[in-house]
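Presented as C-alpha cells, the chain that follows is alone, the form predicted alone.
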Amino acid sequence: MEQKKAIIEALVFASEAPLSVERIADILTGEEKALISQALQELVGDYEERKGGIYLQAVAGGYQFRTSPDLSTWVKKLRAAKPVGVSPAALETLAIIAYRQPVVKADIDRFRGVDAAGALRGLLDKKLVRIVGRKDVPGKPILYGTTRKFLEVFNLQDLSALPTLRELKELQE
C-alpha cells in the first residue's frame, strides 16, 4: 500500500489540475477505485498530521496539493505576481452565473441592471466562465456556466459547496 500511496502522491503532484480518482484508476490499470480513495484519504491525513507548508485537498472533483493559507505572504513574494484580479462588476456577474447556471446574457444583464458584456468577456478570458450551449428559444442565445478553474480558484469541491442565500444573509448580519 505504501508504494501505491507514493505513486498516487507523485501523480497528484505532477498534475496541473485536480486529479480525480477515476483518472488515477485509468493510469493505475487494474486498481480498484475504493483502494485509490483509501490511499488518498491516508495521504490527506498524513499531510494534516505533518502540519507542513503544503496539504492535499479534495477540490473540483479531484485532489490537488495546496500551500498552507497562513504562508501565502511568502508564496506571493516568490511568484511576485498579483493574484487573478476580478473587478466588483465581474465578481457580481460571476456570482449570478454560479447560482443561476446555465444562464443567458440577457438574464445576467437583467439581474445586474446593466450590460454585463465587458465583465463576461473578462471572465471568459480568465477561464472562470465558459459557454455551455445554446438555449432552445428563438435566436438561440448562448448559455454560460462556471468552469473547473472557478471551483479551483474558490476552493470548492463542487457547486453544492456554494453558500446558500440564507448563509449569505447570515454573514451580512
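Numbers for residues come from their place in the sequence shown, where the first is 1. Quick caveat, the model's predicted, so the values are computed rather than measured.
Omitted from view is the form predicted together with another copy of the chain, to which the following refers.
**Student:** Should Thr67 be classed as touching another copy of the chain in the model of the complex when contacts are defined as heavy atoms within 4.5 Å?
**Tutor:** Yes, Thr67 is a contact residue.
**Student:** Does Gly53 reach another copy of the chain in the model of the complex if we count a contact as any heavy atom within 4.5 Å?
**Tutor:** Yes.
**Student:** Would you classify Ala34 as touching another copy of the chain in the model of the complex, given a 4.5 Å non-hydrogen atom cut-off?
**Tutor:** Looking in the model of the complex, residue contacts with another copy of the chain do not include Ala34, since no heavy atom lies within 4.5 Å.
**Student:** Check whether Leu19 has any heavy atom within 4.5 Å of a heavy atom of another copy of the chain in the model of the complex, and answer yes or no.
**Tutor:** Yes, Leu19 sits close enough to another copy of the chain in the model of the complex that at least one of its heavy atoms falls within 4.5 Å.
**Student:** Determine the residues of 1 to 25 with a heavy atom within 4.5 Å of another copy of the chain in the model of the complex and present them in sequence order; the list may be empty.
**Tutor:** Contacts from 1 to 25: Met1, Gln3, Ala6, Ile7, Glu9, Ala10, Leu11, Phe13, Ala14, Ser15, Leu19, Arg23.
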